[in-house]
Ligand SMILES: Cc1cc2nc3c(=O)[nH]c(=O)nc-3n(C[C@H](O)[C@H](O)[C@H](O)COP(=O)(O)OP(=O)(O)OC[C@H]3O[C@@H](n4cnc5c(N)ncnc54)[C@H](O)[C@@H]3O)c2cc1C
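Take a look at this single chain in structure tokens; it is the form predicted alone.
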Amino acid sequence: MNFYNDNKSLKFYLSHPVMDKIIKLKERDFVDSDNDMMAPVNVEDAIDNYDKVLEIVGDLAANVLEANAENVDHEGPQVLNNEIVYAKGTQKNHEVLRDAGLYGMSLPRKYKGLNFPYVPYVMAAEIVSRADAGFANIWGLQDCAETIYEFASEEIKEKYLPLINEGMTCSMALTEPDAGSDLQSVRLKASFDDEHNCWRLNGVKRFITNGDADIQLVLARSEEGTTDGRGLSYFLYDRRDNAVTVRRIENKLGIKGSPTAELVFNNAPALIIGERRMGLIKYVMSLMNGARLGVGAQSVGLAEAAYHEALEYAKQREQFGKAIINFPQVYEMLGLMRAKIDATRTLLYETSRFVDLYKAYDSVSKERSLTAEERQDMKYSQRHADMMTPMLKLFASEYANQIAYDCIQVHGGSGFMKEYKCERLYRDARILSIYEGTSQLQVVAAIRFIGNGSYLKRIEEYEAMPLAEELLPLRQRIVKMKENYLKIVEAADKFGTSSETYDFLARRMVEAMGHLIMSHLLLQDVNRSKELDNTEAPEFMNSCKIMIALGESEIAKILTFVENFKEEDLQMYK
């Protein structure tokens, strides 16, 4: 079993035409190929490297991580002598992936990384999540390395980045007992110790994923007398300094292998990342966008696992003389599950490509001046990454919950029993629409792109893309969906874009736009799959038709609600 080789979609997105540009930027037109035997010589060589590494990830995920997942869920981590000790299966997972060189995947080779773009790295995250969504948190927090690479001093980078490839774990300590989503309210204090020439951290952090990690990125208040985000800076704490008390590990509903801790910083020595006062405004926002992309991959991976569990059970389980997969009530559920996964996966890799482009340009800009065309492309890519990320997080996490729910429903009473995997998947899925910004906060992040017309411009770009003639009727259906979307926005705008009513209707507008985006992306996938014309190309047509039909009904429902909504109706909900 291999979780990479059994999924044609991953190879399909790995060979997307935009990957040529991404790889050439990431590899600086392959300047390292003469001096480093690990560096690719061209695009084909780079993709072959990614393919081989992803095969290793797929093998380890299917045959080690997935095999350990059930025991990890039962055993969980514990605190011994002020140290978090992973469950035995978690520790085994960590060691296997470390020994395979799968930490620090996106880091430059200078720091012992693989210099992978985000697309193959996100694919690895999806594969790991399919095996064990809880362990994906521990492995995926290597994202912190990207923040260190982008913003820390060269001295810090040279000291800590190579250690990540060697297996040092990471965490980001942001939230506090009185500062959850409102990170501007962070109180943990940072003060400079002149005698020892270092910063000292004092205070409490709560709900810290992989708390007690080897390398911790900590948001703290460095400016006395401040109360907002402008007084916060970002710090690196080294666990080897033994200045943090692990107060407890939270007893959670799901993802039990991933320790979530409450930490007390006791005059802990720390190094500042980047500039003072920019901790929340610049560095954490960058890290959070990466984390939300990671949750998107985690959601798609878990949803894929749930779909496979439901599909296999439906094929085997017989009722009334035939397998239940032959009943419309069941195969409708399975068809919707497959379509939702395909829709969020294409959104995942569309977002990843935009992230890849702007980050590659940003890295190049530190070595030379960008051309006017490159600067424009960088701004375009960053803007699109910013607007696609909350849409991805919203839909992928909500759909993962729906798919895990339907997985249990396909199993019937058996799905409610502990001996079936779907029960664990259902519990693991629940956090996805909560952490790294709830679904409600993703709406807050996305609605500004409704208001300024950025999403609509992207829809117009999709409409202008080449398409096979036989697919034009499907595009025309999406165009009609857009007409209803415009009516929804027009009806909401009448209340005033700064009004409470507009905020109340925001989720409906964002969801309507999400259906348009995913429908267009799937249609483009159908088109490219047909152009490839080989048996290895995935078949997206059914998922595309299902998502268009779903989008038509959902947008029509939203339009009816918004057009009939009155300002006084808000009182019903208060």
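This is a predicted model, so every value here is computed, not measured. A residue's number is simply how far along the shown sequence it sits, counting from 1.
Separately, the form predicted together with this ligand exists; it is not shown, and the next lines address it.
Here the marked residues Leu174, Phe416 and Thr438 all reach this ligand in the predicted complex, each with a heavy atom within 4.5 angstroms. Just one listed stretch, out of 403-411, 457-465, 78-86, 419-427, contacts this ligand in the predicted complex at the 4.5 Å heavy atom level, and that stretch is 403-411. Among Phe495, Tyr358, Phe207, Phe504, the residue placing a heavy atom within 4.5 Å of this ligand in the predicted complex is Phe207.
Here is the short version: of Ser381, Thr260, Ser222, Asn115, the single residue with a heavy atom within 4.5 Å of this ligand in the predicted complex is Thr260. Not displayed here, this ligand is kept clear of Asn266 by more than 4.5 Å at the level of heavy atoms in the predicted complex. Put simply, Ala131 is far from this ligand in the predicted complex: not one heavy atom of it is within 4.5 Å. Shown alone here, Gly180 lies within 4.5 Å of this ligand in the predicted complex, counting heavy atoms only. A residue is said to contact a partner when one of its heavy atoms sits within 4.5 Å of a partner heavy atom; Ile255 meets this definition for this ligand in the predicted complex.
The partner is not shown here, but in the predicted complex the stretch 443-460 reaches within 4.5 angstroms of this ligand through a heavy atom at Val444 alone.
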